[in-house]
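In the form predicted on its own, a lone chain appears below as structure tokens.
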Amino acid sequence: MSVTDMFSHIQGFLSADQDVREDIRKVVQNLEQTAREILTVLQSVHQASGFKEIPSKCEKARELFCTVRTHISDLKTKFPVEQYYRFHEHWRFVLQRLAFLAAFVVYLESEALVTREEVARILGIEVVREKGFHLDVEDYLAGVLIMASELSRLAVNSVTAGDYSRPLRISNFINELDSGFRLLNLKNDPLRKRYDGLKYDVKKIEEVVYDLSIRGLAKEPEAIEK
């Protein structure tokens, strides 16, 4: 093979690779749009009137996750299954965002931490790497940490809405979450930096609870009803 033929072959490979990446980008854009729509729905829970609408907002968000599953099914067809990590950077951020949204919906519904398996079911993907398009552990953890920041905001807005018991429940949940993360030996730099922000969320929520306590508005945990 001549040098010209060799580089012509390489150009063909690069062009094909670029086509794949462009197809992936188009689907990811659709995922990002749907993620924004879900976030818009859930953001209303921070408003004073939104606390009464949590069940309906979660139901609407779950309906939009059907669209997410459709987009991800389309995304799976755009690249060979064994090349997941070759193209992972294209959808890593939106997958973390979707994991956060799924975690937030589950928390609003049950005030429990969503499992990685449950997030995968909501998104219509796998947990086991060998089975194909899956939810990477670090993407799941990043989504959970994003949710922690959202809950610190919810704690503040709960007080504004006159819901004084919710910040205490959020505080207990976040402290348990923090204890869980302390068990991990995180080596991933972006994830580690995001985890470092959790201590600020813990502090912010503790300040809310303290303020409620000195104002005589905080209830004992065992007296709190969800």
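Heads up, when I say rigid core I mean the largest set of C-alphas that superpose within 1.5 Å between the two forms. Worth saying up front: this structure is predicted, and the values here are computed from it rather than measured. We number the residues from 1 along the sequence you see.
Heads up, the form predicted in complex with another copy of the chain isn't pictured, but that's what we're talking about next.
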Handout entry: Partner proximity in the predicted bound form: residue 50 to another copy of the chain, non-hydrogen atom cutoff 4.5 Å
Key = no
Exercise for the section: State yes or no: in the predicted bound form, is some non-hydrogen atom of residue 73 no more than 4.5 angstroms from a non-hydrogen atom of another copy of the chain? Expected result: no
Exercise for the section: Flag residue 86 as yes or no: does it have a non-hydrogen atom within 4.5 angstroms of any non-hydrogen atom of another copy of the chain in the predicted bound form? Expected result: yes
Practice task
Would you check, heavy atoms only and a 4.5 Å threshold, whether residue 36 touches another copy of the chain in the predicted bound form?
Solution key: yes
Handout entry: Stretch 148-176 - residues with a heavy atom within 4.5 Å of another copy of the chain in the predicted bound form
Key = 152, 153, 156, 157, 159, 160, 175, 176
Practice task
For residue 203, decide whether the Cα shift between the shown form and the other one is 2 Å or greater, given a superposition on the rigid core.
Solution key: no
